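What follows is a single chain, given as C-alpha cells, in the form predicted on its own.
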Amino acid sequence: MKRRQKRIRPARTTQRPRPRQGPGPVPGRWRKRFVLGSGLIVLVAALCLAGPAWQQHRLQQARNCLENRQLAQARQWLDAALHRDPDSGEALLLLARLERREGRLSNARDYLQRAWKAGVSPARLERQQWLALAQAGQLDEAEPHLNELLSDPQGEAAEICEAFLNGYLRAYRFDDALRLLDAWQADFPADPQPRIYRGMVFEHLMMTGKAIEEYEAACRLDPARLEAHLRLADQLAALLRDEQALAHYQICLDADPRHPEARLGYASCLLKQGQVEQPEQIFRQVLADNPGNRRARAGLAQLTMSAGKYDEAVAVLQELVAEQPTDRAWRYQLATALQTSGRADEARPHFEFVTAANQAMARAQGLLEQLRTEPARVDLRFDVGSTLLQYGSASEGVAWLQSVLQLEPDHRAAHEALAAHYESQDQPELAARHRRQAGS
C-alpha cells in the first residue's frame, strides 16, 4: 500500500499584499503633495508681496526717525531703502531732508536732483528747496514762502520752523527768530525744541541767565534730550556753577560715554575743583580719538602748569593762541605761564589784550541789548561784528558783518573789515571780492 504524501503548504508571511495598481496616486501621498505645493505657492506669493511692503516699512521708519530727531537711525533705514531700490524717489527726497537737517546743503541739493530724475513731483521738490534756502540764510528768496509753507505744513511744521530759525540765527535776526519761536511753541507746547532754540538766541545775546531758564524748561519737557542737557551744562559751567553742570554732563555721559563735548566739559569742571587724575585721563582719551582737539590740549597745558612745568605749558599755549588769537582764556593762561616762568615782558601784551577784550565785550553786550529793540541798526551790528572779530569769536564776528551787508549791501566799512579778516586767514579770493565791493 502506497503511503500518502503530505501536502506541503506555503509558509505564512507577514508581507502585505501589493496594492492594486490604479490610474493615480494613493490618497495619502496625494494629500502630502497638495499641501507641499500649496505651501510653496503661498511662500512665493508672500515673498513677492514682502518686497514692496518692507520697502514701505523702511520709508515709514525713516520718516518717524526724522520726526523724532533720530537722524543716525533715519540714515540707516534710508540706506537700506536705497539698497533695495536705488531709484526710489521717496527715499532720495527723505535723504535730501536728512542732509539739510545735518547742515550738508550741497548733498541735499544733489539728492533733490536725483529725486527729480526719479519722478518726484516738482511741488514737493520746491518745498524742500525753499527750506534749504532758509536754512542757508538766503532769506530774501525763502521768506516770501514762509506763510505758504506754514498754512499747509504737510506734517512738517516743526521742520519748517527749524529751517527758518537756522536762517534767522545765521542772519542774526533775533527778533524774527523769537516771533517764530512764539508761534512754534504755541502750536507744540510739549515740544522741547523751541525752548532749545530760544536758549540759543539768548546765548547769542549774551543773556546767560535766560538761556539757562530755557534749557531747564527743555530738560523738564524731555529729560532724554541730550542737546538740552549739554547746552545747560555749558552755561552753568560758564557761571562757575560746577556741581550743577557736572550733573547734566553726567546725564549725557550715561547715555553716550564717549560724547566728546560732555567728556571735555566734565573734565574741565573737575579741574576747576582741583582734581587732577581723572581730568588728565579724560583729556588724553579725547586726544587719542581726536589729536587736534584744542580744549583737550588746553586742559593738559593747565595741568602741566599746575605741576610747575611752565616752559612746557607755554609751548602748548603758544600753539593754541596762534591758532585762535582771540580766545581770552588761553591768552590769560599763556600770560600767567610766561610771567610765572620769569618772562614778564612777553606776558605783558597778553595781559593787556585780555583787559581790552573784557572791556570791549562788556560794551558789545550793551550794544546787543540795544539791538533787541532796534534790530535794523546797521551801525550797532557793525560795532558788534568788529568787536567780536577783534576780541571774541571770529566766526560770529563774520556772521554779524554779513548781517550788516544783508541790510546794506554797499556798507564799505563792513566789506573792508571782512577783507582784512580773510587776508589774515589766507583766503585771498574772498578778501579780493570784499576789497572790490568796498571800492578799494
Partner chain sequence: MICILALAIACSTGCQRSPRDNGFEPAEPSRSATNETRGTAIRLQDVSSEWGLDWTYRNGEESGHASILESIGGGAAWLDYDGDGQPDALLSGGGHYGPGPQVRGLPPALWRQSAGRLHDASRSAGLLDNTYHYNHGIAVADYDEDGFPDVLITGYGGLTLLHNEGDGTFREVTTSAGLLDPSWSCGAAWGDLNGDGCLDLFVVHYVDWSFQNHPIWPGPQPGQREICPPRSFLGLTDRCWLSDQSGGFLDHTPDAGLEPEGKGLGVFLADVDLDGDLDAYVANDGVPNFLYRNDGQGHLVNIALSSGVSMGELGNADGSMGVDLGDFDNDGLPDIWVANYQNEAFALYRNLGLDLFRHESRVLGIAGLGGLNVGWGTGFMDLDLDGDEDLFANNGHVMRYPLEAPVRQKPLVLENDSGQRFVNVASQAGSYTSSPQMARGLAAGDPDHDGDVDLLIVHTNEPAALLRNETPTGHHWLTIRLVGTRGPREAIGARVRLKTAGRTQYRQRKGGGSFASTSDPRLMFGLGDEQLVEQLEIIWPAGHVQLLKNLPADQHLTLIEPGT
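Keep in mind the model is a prediction, meaning the values are calculated, not measured. Residue numbers count along the first chain shown, from 1. Basically, rigid core = biggest C-alpha set you can superpose within 1.5 Å across the two forms.
The same protein also exists as the form predicted together with the partner chain; that form is not shown, yet it is the one meant from here on.
- Mapping the unseen interface onto this chain, Gly274 counts among the residues with a heavy atom inside 4.5 Å of the partner chain in the model of the complex.
- Heavy atoms of Arg100 never reach within 4.5 Å of the partner chain in the model of the complex, leaving it off the interface.
- None of the heavy atoms of Ala136 is located within 4.5 Å of the partner chain in the model of the complex.
- Under a 4.5 angstroms non-hydrogen atom cutoff, the partner chain in the model of the complex has Tyr332 among its neighbouring residues.
- No residue in the set Trp116, Tyr197 and Gln390 has a non-hydrogen atom no more than 4.5 Å from the partner chain in the model of the complex.
- A heavy atom within 4.5 Å of the partner chain in the model of the complex is found for exactly one of Ala288, Leu71, Ala186, Ala255: Ala255.
- When you look in the model of the complex, the only residue of Asp85, Asp242, Glu143, Asp222 with a non-hydrogen atom within 4.5 Å of the partner chain is Asp242.
- Note on the interface: of 152 to 160, 214 to 222, 200 to 208, 122 to 130, the segment with non-hydrogen atoms within 4.5 angstroms of the partner chain in the model of the complex is 200 to 208.
- Residues Gln339, Thr340 are the ones in 334 to 348 with at least one heavy atom within 4.5 Å of the partner chain in the model of the complex, listed in sequence order.
- Comparing the forms between this form and the one not shown, the C-alpha position of Ala183 differs by less than 2 angstroms, with the core used for superposition.
- With the core held fixed, His350 shows a CA shift of 2 Å or greater between this form and the one not shown.
- When the rigid core is held fixed, the Cα atom of Gln138 travels less than 2 angstroms between this form and the one not shown.
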